[in-house]
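Read the single chain below, which is given as structure tokens and is the form predicted alone.
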């Protein structure tokens, strides 16, 4: 007896490929995202994330493969598929010269809604994105976070069942990013499928499922918690010491045979299976070598750490 699955698939990709000028950008990507799932594709710039998202949005033709959106075949039932999609690309598209409400009125007009429908829908999305107090301010006076919320609001005007977001938190400070991602999580919990692509690990922490993308392929996917368990990483040790030098890196790397040292901004990150045992060794060795130790602490592994461990590809500091 065959058991039927109760899962409802919102976005389905089968062996999607895309090349530019003979260079393969997407390499037979297959993916299934359930209704109401908050799915994040995480990878370095140039890995094919934005290209994949634009294909799903129907703004970029694929070379081969198959895409279904809520059962509609993209390429055959284009109008039906696109009717359920809200797409927020990287570049800002709302006018700075108009108010938030005026921007929404303009986009609602493009969708063909009546005046009564426009009023109701605009109030709904403004409230959903916590923008009602700022609706009649010019967008030129919006913060980066408010502008991004407005663009998501425009994508939701048409009752989108699938929301596609391309690097939406780039440029947002950590607190605004956290609030914005919390809003997205609420939207997904209400039944809207969200597919977000990013190179920022914090964006993926709120996801129900994360796919790691490298060189045009999704090489592994799971929940953030399961990916962290899979990597078997212990907490990392953050070391702030001066002067920064090759000698400093070599000392830290030599303290334990499983040590991996990475530079990250003002501090050095030391990955080891025994972080608490390593801390006194670090303090003793650096002080004896004449280094000034300004601080040392442990932190749990991030999804960026997990990405690097499982793919051996750096996700930080890459140019677009």
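Everything numeric in this text was worked out from a predicted model, so none of it was measured. Residue numbers count along the first chain shown, from 1.
The form predicted together with adenosine-5'-diphosphate (ADP) exists for this protein as well; it is not shown, and the discussion that follows is about that form.
In the predicted bound form, adenosine-5'-diphosphate (ADP) lies farther than 4.5 Å from every heavy atom of residue 294. Of the heavy atoms in residue 50, some are within 4.5 Å of adenosine-5'-diphosphate (ADP) in the predicted bound form. Although the partner is absent here, residue 46 lies within 4.5 Å of adenosine-5'-diphosphate (ADP) in the predicted bound form, judged by heavy atoms. Contact check for residue 9: no non-hydrogen atom falls within 4.5 Å of adenosine-5'-diphosphate (ADP) in the predicted bound form. Contact with adenosine-5'-diphosphate (ADP) in the predicted bound form, judged as any non-hydrogen atom within 4.5 angstroms, is confined among 50-58, 65-73, 256-264, 279-287 to 50-58. If you take 19-34 and check each residue for a heavy atom within 4.5 Å of adenosine-5'-diphosphate (ADP) in the predicted bound form, you get 20, 21, 25, in sequence order.
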